[in-house]
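Just the one chain here, laid out as structure tokens, in the form predicted on its own.
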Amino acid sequence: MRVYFAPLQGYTESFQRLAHRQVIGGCAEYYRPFIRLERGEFRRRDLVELSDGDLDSVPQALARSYDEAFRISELVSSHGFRRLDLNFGCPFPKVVSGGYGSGILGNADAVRDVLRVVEAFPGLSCSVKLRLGQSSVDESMSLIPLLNDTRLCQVVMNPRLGRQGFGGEADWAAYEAFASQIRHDMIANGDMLTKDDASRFSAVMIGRGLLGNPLLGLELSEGVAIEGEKRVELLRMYHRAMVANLGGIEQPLQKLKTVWDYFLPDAKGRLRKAVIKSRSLDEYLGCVEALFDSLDSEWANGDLRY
């Protein structure tokens, strides 16, 4: 099985991506949060992120016109990237209201305009990430001929409508109907929180599931179960690598605390709470080590399972 690490703004930043690849792996590609233009200019944080040297990851473009897509493609190419994903799936209301993300899916002409950038940059291997539509499944189905005629390396779909946001039921029957007509490699995305969720697909993109259980991709891609002391040690090493990768970054404590919005949700409540409430980096690191020590004990006693 091929596993792709989905992008989540504020979570899958350089320090986290690099640590996961260095210590755990198991993912075919790591997608970056999207790049966009605001008032005709690139956001400073996007420019800083692109300069991290992680050329094995996949930048995403959030564009609604050829001109915007061209400028983003030019930017990532100038930094040495050879992959680009075109995001037609983001459901956030502010994004959608501007005609971006899933908000572009009802406008086939705009989608066609953005996709023209694929041939303008033959050195970029391009993919598309989308939803079933913003308001109707017909929106994605009508795009199939256009997608099939575009030079794409893969298509990623979350089988929800944009108006559903991240809630509601995924329509896997509609996904299968769409995938059966697409000539490109298909990757399933959405609700992939456990091995059972992903087991019926040959390729999956996982976001929250990997943030909560960073070993999930390795277990899926290798077909193994990692348990006991080995599991705890890998997770401990992963966290230490994230800390090491934060050198020189402002507010490292806040960056690390953000990780715990998803990380190890089943860890002991009082120890996890101490991590989140810590007020200095030294206090934080001490609380984290205490938490991992408790995990060692719980595994030894057979009290912990993932």
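Just so it is clear, the model here is predicted, and its values are computed rather than measured. Residue indices: 1-based, along the sequence shown.
One more form of this protein, predicted together with a small molecule, exists but is not displayed; see below.
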Among the candidates 220, 235, 111, 206, the residue which, in the model of the complex, approaches the small molecule to within 4.5 Å (heavy atoms):
206
Quick one: find which of 277-285, 249-257, 27-35, 235-243 has residues within 4.5 Å of the small molecule in the model of the complex by heavy atom distance.
27-35
Are any of the heavy atoms in residue 8 no more than 4.5 Å from a heavy atom of the small molecule in the model of the complex?
yes
Contact label in the model of the complex: residue 127 to the small molecule, heavy atom within 4.5 Å
no
So in the model of the complex, does residue 185 come within 4.5 Å of the small molecule, heavy atom to heavy atom?
no
Does at least one non-hydrogen atom of residue 262 fall within 4.5 angstroms of the small molecule in the model of the complex?
yes
